[in-house]
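Take a look at this one chain, the form predicted on its own, written out in structure tokens.
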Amino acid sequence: MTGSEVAARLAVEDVAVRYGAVLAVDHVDLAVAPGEVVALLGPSGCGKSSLLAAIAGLVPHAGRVLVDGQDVSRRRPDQRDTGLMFQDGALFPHLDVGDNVGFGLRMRGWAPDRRRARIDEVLELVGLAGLGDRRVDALSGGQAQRVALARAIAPQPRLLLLDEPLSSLDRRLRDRLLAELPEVFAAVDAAVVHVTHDQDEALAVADRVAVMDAGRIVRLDPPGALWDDPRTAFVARFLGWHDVFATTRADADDDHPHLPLDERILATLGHPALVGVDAARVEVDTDLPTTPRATDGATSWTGHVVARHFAGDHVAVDVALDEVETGTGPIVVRATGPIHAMPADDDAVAVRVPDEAWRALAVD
């Protein structure tokens, strides 16, 4: 689902947030449909949490925030029909799990029987059925975050706002909850804004990803489109593209190593100043041809493995290319693949880069 298919549940119009002389959010526009999940992704200090706080009404802001077409810009946070979940959960230590989850329901005047039924319903949704009487200080980190999520969705808010909700968890708990979040989001009719600095998290949970830099949204697209064509060096680097190279263009960026490319590839890409390489498409093999060459479908170089980086059952290998003239040191190309299929340190190899692995990138 995209914001254009359904009338926007959330509309952010020209929103700006200042902290003294610092412009943290620089006149941002954003629309999120009911049931849609938009991830705000970016490095620390890019403005993503400040934008979330403006939507929630937690910080003063210029511009407008509309919910179902109604301007809520001057309303208090408790008047914006918003569920909030933060990095640390922020549970009430003097209340048990059920009372934490039901806090917002009690504040809204729900009758006790209806409140108990809703508490049971959302605890089951987040995988904590039967734990309503447990003390919150007896919970694991993953359980505490589930309680915080249940509390946020219990009042059936129109907006669900999550600020780095998984960053305090260890990898196992994070991956488990990450796999469950889409099901939870699908069970509510809220517009969801999920703040994270982790690209894997954003790509896993979101219908669209808004990449932020210096207070602005610099890219807003579905995860597949974003990864497949980053368009700029900043987005490519932040998403985890290791290889960004300068080309022969005069306005190429000196901050990137220069990789001489065949004219056929440059012409296909439109002679960009920068190019990126999708490491998942690069082939590294000791059996590939041992002389550099360009063909109709790929470009090959020889080289040797200078580093291996393990990630679960996959490994990334960095290959320093032979016979590539450059004044900035060896050109290194990264490839990823299953551990059993990748060469060892110092192996002499050939690197084959298919034409479809190259992307033209704009200079930031």
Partner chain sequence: MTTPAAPSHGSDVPDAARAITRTLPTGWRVATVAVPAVFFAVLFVWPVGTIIATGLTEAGAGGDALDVLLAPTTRRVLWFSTWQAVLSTVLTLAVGLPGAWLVARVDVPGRTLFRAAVTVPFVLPTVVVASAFTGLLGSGSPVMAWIAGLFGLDAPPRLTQTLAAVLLAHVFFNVAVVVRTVGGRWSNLDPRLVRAARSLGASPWQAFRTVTLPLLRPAITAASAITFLFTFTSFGIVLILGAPGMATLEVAIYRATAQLLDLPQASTLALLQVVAVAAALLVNARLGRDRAGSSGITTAAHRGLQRPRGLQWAGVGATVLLMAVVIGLPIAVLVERSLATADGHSLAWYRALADTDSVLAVAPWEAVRTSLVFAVAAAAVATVVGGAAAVAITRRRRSTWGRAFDLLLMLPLGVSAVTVGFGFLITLDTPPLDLRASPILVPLAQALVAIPFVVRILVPALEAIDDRLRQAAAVLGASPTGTWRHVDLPILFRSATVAAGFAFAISLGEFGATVFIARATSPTIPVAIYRLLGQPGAINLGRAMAMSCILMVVTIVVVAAVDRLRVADLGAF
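Keep in mind that what you see is a predicted model, and the values were worked out from it rather than measured. Positions refer to the first chain, counted from 1.
Same protein, other form: the form predicted in complex with the partner chain, not shown, and the subject of what follows.
Contact with the partner chain in the predicted bound form, judged as any non-hydrogen atom within 4.5 angstroms, is confined among 173-181, 189-197, 116-124, 69-77 to 69-77. Although the partner is absent here, R281 sits far enough away that none of its heavy atoms falls within 4.5 Å of the partner chain in the predicted bound form. Taking the partner from the other structure, the partner chain in the predicted bound form has no heavy atom within 4.5 Å of any heavy atom of E263. Interface membership of A16, defined by any non-hydrogen atom within 4.5 Å of the partner chain in the predicted bound form, is confirmed.
Residue contact check for H271: none of its heavy atoms lie within 4.5 Å of the partner chain in the predicted bound form. Highlighted residues H27, P60 and R151: every one comes within 4.5 Å of the partner chain in the predicted bound form, counting any heavy atom.
Just one of G130, P93, P112, G224 comes within 4.5 Å of the partner chain in the predicted bound form, counting any heavy atom, and that one is P93. Proximity to the partner chain in the predicted bound form, taken as a non-hydrogen atom within 4.5 angstroms, holds for one residue of I331, V315, A56, A31, which is A56.
Contact annotation for 91-114: residues with any non-hydrogen atom within 4.5 angstroms of the partner chain in the predicted bound form are L91, F92, P93, H94, F103, G104, R106, M107, R108, listed in sequence order.
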